[in-house]
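So this first bit is one chain, no partners, the form predicted on its own, shown in structure tokens.
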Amino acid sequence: MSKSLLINPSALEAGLEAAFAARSKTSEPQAAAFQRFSKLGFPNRRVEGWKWSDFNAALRKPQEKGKKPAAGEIPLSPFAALHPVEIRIVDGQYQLPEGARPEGLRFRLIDPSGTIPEFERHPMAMLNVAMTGKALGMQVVEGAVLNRPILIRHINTGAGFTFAQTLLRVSKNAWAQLIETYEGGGAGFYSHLFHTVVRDGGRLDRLVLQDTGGDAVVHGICAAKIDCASRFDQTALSTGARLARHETHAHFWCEQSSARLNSAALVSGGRHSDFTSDVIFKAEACETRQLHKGVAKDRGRNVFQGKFHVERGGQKTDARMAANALLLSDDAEANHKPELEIYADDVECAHGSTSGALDEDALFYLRQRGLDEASARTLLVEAFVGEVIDGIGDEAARYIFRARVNDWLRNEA
């Protein structure tokens, strides 16, 4: 690449361009994706939808890649007790498990997505499409009900920038539980694009736990296509990072399908967590319930942006969204932006947003019954976040999420 595609590139952008140019194998669609990114640039606060999550500022300082750890240096996952099919993506490198696989599950490394039309104006998605070298392809075959969860561990240990993709197809009348964890103390930028299709009568339960070091920059996109009479349930918990943004783009393409999109953020010490979603209803009689709970302390920042877009064909849509924030200190921050965009006339849609401090009357009530102030505050925060965690259907996984909330409360609340 003899001429830079970027205008006055930063050190990071110049490094990305050099890395893209040095790749031995690049498809034409990937080259087009990088060109789109080069025109859009990293999102900043002047771009609507990114004004509270400025990636340009977060990535201003150049980073160098760290050394990939040996397999023995990776700690055991708290979800190991569930006996999952564990797949690791360590600094962008895939580590597939050996041995027997659950009946009905297939996976292998494949070529990444060359293009995603609905994301052509999304700079971070285009950067991921351009830079990802290999992708993880998975399929749950028709009628299969997996007896073990799939665990994907995104482990970022160094600096620099890494990219990965996962494509999962849940076939007709199949069911699977997918757990994704974002881990590691690295200070780099990690981008993951997860694309799933839940076919007719299928169900996917997705759990996300993002618990990285405070210096990381994390961006995850979940693009879910939901077909007839199928279900997509997602619960995500984030403890933030220098900047962590998790996006969910769910599209209802066929009637009588449903989704539950729950999320919680626990941020302190200047950490930043952003949950952004866009749910598009293209077919009739689909249902969505979305609940977000954010807890912020010190200079922690909690961001929630949710949008329900009901097209003319989305008659009889039933969609409800709520975002609630709890601020534990004067410097803590919560930014919420719930939206409805409706073009159908026979729908039931609602959204709401609240923010505030702990209820002094409730604190007084608990103190009067023998709890000290710290224990009373912890109990109230646990109950506040617990509404999200209680939505996890798997009891063992729910226990692990609740334990992580309790750990955070003991250390921070």
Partner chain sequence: MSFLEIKNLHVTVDDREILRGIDLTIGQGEIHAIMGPNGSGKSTLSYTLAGRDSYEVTDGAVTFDGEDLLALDPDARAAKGVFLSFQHPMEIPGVATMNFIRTALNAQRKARGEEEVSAADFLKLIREKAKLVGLDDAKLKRPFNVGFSGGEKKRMEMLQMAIFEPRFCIMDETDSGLDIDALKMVGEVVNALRDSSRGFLVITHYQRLLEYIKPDAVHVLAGGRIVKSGGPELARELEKSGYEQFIEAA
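Just so it is clear, the structure is predicted and the values come from calculations on it, not from any experiment. Positions refer to the first chain, counted from 1.
Below, we turn to the form predicted in complex with its partner chain, even though it does not appear here.
To verify the annotation, which of these, L371, A357, A57, A350, has a non-hydrogen atom within 4.5 Å of its partner chain in the predicted complex?
Contact with its partner chain in the predicted complex is made by L371 alone.
Consider the chain as shown here, without its partner, and state which of A344, A32, L40, L379 has a heavy atom within 4.5 Å of its partner chain in the predicted complex.
Only one listed residue qualifies here, and that residue is L379.
For a quick test of understanding: in the predicted complex, does each of D361, R367 and A383 have a heavy atom within 4.5 Å of its partner chain?
All of them do, each having a heavy atom within 4.5 Å of the partner.
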